[in-house]
Every structure is written in structure tokens, then in C-alpha cells.
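What follows is a single chain, given as C-alpha cells, in the form predicted alone.
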């Protein structure tokens, strides 16, 4: 008995690494996992997009970079699929220059997958400096900030942009946030122009955004990998986020179990001594 408790109090680290490897690999490969009910704030965001009339314009803001890509990129892709499936028009811009290529890659990938045409179904505007100034000027005339798209094509030459001038022509804004840009969108676009907003964010940023949701300043909030997994469940297309959330849950269970086993072995050995 003493030998048994001594072994479990000093588990070989290679066994721990093997358990973690199995716990991560299986969900990512099988795309299967636990069933859970989506959070209310995520379901509210989904339902609002479902309620938009076909042909409505949706402004998508890329406000993150490669450091937050594992959390936000899967959600961006699944939301773009949802928008295109609903026949909504996507206008993409961003306030983080290093993150804009990530948004462009996802937009072009999903547009090609869904058979959407540039200039008619979606457009990529790019970046302009000055967060507050950009947001406020879009409320007056978007051409005062973006007279051309990222390719240098004048907006009036693009069918999707001919009738888009300010927030009154945009049914919804979706911000993908890894910092404080979400605050600017709410404080300027929503408070001043009454723009409908859904914010998605990394898990560490999400608690700061809940007051906006509780005050009904935003119509939905999708936070972290859990929020992305919830959204994949709602659109009935379980992908990387759902698998990642399952893997994360399994690893947490393994860690808690190892802590309990290690402490049981330690306490038992101390009592024997």
C-alpha cells in the first residue's frame, strides 16, 4: 500500500504529457465533444442576424492581430458563413493594421467557398488611422474616410457601396475585439448614431464589455472560445472552436484529477511517515 501511494504522489511527467496530448488531439481530430446550451448573449446575437432582411449591409471591424487569432479567427469564419448564407452584404475594415490581413484572408476564403462576388456581395476597405475620427466620420459620410477600397477602386464604382453613405445605411456592425476599440464603437457609433452593434472578443476582454450588453447598448456579445463554440452550435456547423472548447474542458478535468491524486498520495505518505 505504501508503494502505491508513493507512486501516485510522484506521477511520471511523461504520463502527464501523454494524457494532455490525448485529451487535446482526440477532440480536434473527431470534432466531437460535450453538449452544452449556448449562452443567452450569443443566442441573442445569432437571432438578430437571422432577423435582418436579405441584402442588408453589415459592417465588420477587424480589431485584433495574430496574438488573438486562435480565439477570434474561427468565430470570424463561422460568422461570415452565416452572413453570406443569409444573403447579407459584408463591408470589412479594421483598426489594427497587423490584423487586417487575417480578416482579408478569412473574407476571401469564405466568399469563394460561398460563391460570393467582390464589389457586389462584399468589399474590403482596409485601414485608416485615428479610431475615434474614423468612427465619427463614417457617421457623416463613409467616403470622407474611405474614398477607395484597399485595391484603390473608388467606392462609387462598386455596386455594394453605391447606396452606402453612413450608419443609417448599415443594418449591423460586428466588432472583433482584442483591445479597447469596442469601447469606441459603443461610445461613438452607438451612443451618437444609434448603430446596432454585436461585439465579439477574446475571453480576457469580455468582462469589460458585459455592461454594454446589460445596458442594451449592444444587441449581442460573443466572448472567447466558448462564445465561438456556442455560435458554431447555433449555425449547426461544429468546427475548430467547438473542438477546442471540448479539448480545453478535458484538459481541465485531467488537471483537477491529477491534483487530487497527487495530494491523496502526498497526504497518505505523510501519515505513514
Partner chain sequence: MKKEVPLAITFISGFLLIVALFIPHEPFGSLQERFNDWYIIVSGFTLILGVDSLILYHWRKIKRKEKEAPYSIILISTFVIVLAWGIYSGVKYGNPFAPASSFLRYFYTYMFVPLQATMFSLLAFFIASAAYRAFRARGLNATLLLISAGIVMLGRVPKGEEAAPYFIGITLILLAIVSVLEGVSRVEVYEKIIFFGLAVVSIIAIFPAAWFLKFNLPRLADWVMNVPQLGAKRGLFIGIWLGAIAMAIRIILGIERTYLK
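Please read all numbers here as calculations on a predicted model, not as lab measurements. Positions refer to the first chain, counted from 1.
One more form of this protein exists, namely the form predicted in complex with its partner chain; it is left out here, but the text below deals with it.
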Which single stretch, out of 139-147, 115-123, 76-84, 156-164, brings residue heavy atoms within 4.5 Å of its partner chain in the model of the complex? 139-147
Residue 104 versus its partner chain, in the model of the complex: is there a non-hydrogen atom within 4.5 Å? yes
Can any non-hydrogen atom of residue 41 be found within 4.5 angstroms of its partner chain in the model of the complex? yes
Touches its partner chain in the model of the complex: residue 182 (any heavy atom, 4.5 Å): no
So in the model of the complex, does residue 56 come within 4.5 Å of its partner chain, heavy atom to heavy atom? no
Heavy atom within 4.5 Å of its partner chain in the model of the complex: which of 245, 49, 218, 60? 245
Can you list, in sequence order, the residues from 226-262 that come within 4.5 Å of its partner chain in the model of the complex, counting heavy atoms only? 226, 245, 248, 249, 252, 253, 255, 256, 257, 258, 259, 260, 262
